[in-house]
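So this first bit is one chain, no partners, the form predicted on its own, shown in C-alpha cells.
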C-alpha cells in the first residue's frame, strides 16, 4: 500500500519497544505490562480505562482510579516517559458554574483530546444515570466543567481533534442504566460544545468478538486514508462479556460513513493481567500516542478492569490490516 500520511505532530519521545522477534501480529504488548498497577495510589483498588496525551516535555493524563470504597473517581497524572506515572492521590475537583451538574459523585472511563487551544476531557458522568461529562484544562491542575453533552444514558464519549463541517464532533454509545447488553456507535456535532445534535449512526455490532456491542476508544487519528478509529467490541460468552479491540476507517468529512472495518480483532484478552482481575477478559482501549513522522503508535488500554497496559504498532500496518480484513455492514 502507499504510505499513509498522518495529520498530527511528530512525537520523537513516544513510548516505544521494538516488535519482538518472530512476532507476527499487528500489535504487540509492552514486555513490562502493566504500566500502571492497581495499587499505585495509597487508596486505589484499581487504575484502568484512562487517557494520556503529550504535555510539555513529557505526558499527562486523566485516570480512572476506583478507590477502596469502590467509588469511581477521576485523577490527574504526569509522566516523563509515558510509562512510569505519578498520579495525584486526590481526585480532580472540577470548577463548574452550575452545581446541578457540578456536584456529580462518580465519573469513569475518561478520554482527553487536544483541540484548538486546550485539552478537552470527556468521561462517563453519573447524572441520573451514565451520561457524557465534558470539561477542559490547560495544565491538568485546573479543570473547568461544561454542560453534559447528552441525556442519560450514554457512554464512551470521544471527541474528534478538529472541527468537522465547522462544528465540534463527538462519537458516543447510547446505553441503558446497567451493564448494557447492546450498543451502537453514533456521531454528533455541536457549534459551541454545549448543544449537541445532527446525530448520525456510525456502526452496529457485527459477528464474533464484536457481536454484542461496540464503542469508540482513543481519539480518532486523522490520516490520508480517513479517520482511524480504534474501538472496542464485546462478545457475550458462556462466562460473561469479553472485551477486545479492533479498528475502522471513517470518512474524513462524513465520519458516520464507515469505509473499512476490521472483521478480526487487533488484540484480544490473552495474558494473565487481561484475563484475571476485577472483571476478567477485558482489553479496553482509551488512548493512543502517535508519532506522525515514524507512524509509531502506543495504545493505552484497561486490562481486566484492574490495571493499565500498553500495546505498540504502526499506523500503516493497522490500516493495511483493516483494509485487507474488512467487512462493512
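This structure is a prediction, so every number in the text was calculated from the model and none was measured. Positions refer to the first chain, counted from 1.
The same protein also has a form predicted together with a small molecule, omitted here; what follows describes it.
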Within 4.5 Å of the small molecule in the model of the complex, all of 29, 230 and 265 (non-hydrogen atom): no
Stretch from 31-39, 293-301, 277-285, 256-264 whose residues place a heavy atom within 4.5 Å of the small molecule in the model of the complex: 277-285
Touches the small molecule in the model of the complex: residue 104 (any heavy atom, 4.5 Å): no
Residue 305 within 4.5 Å of the small molecule in the model of the complex, heavy atoms: yes
The small molecule contact at residue 109 in the model of the complex, heavy atom, 4.5 Å: yes
Residue 49, heavy atom within 4.5 angstroms of the small molecule in the model of the complex: yes
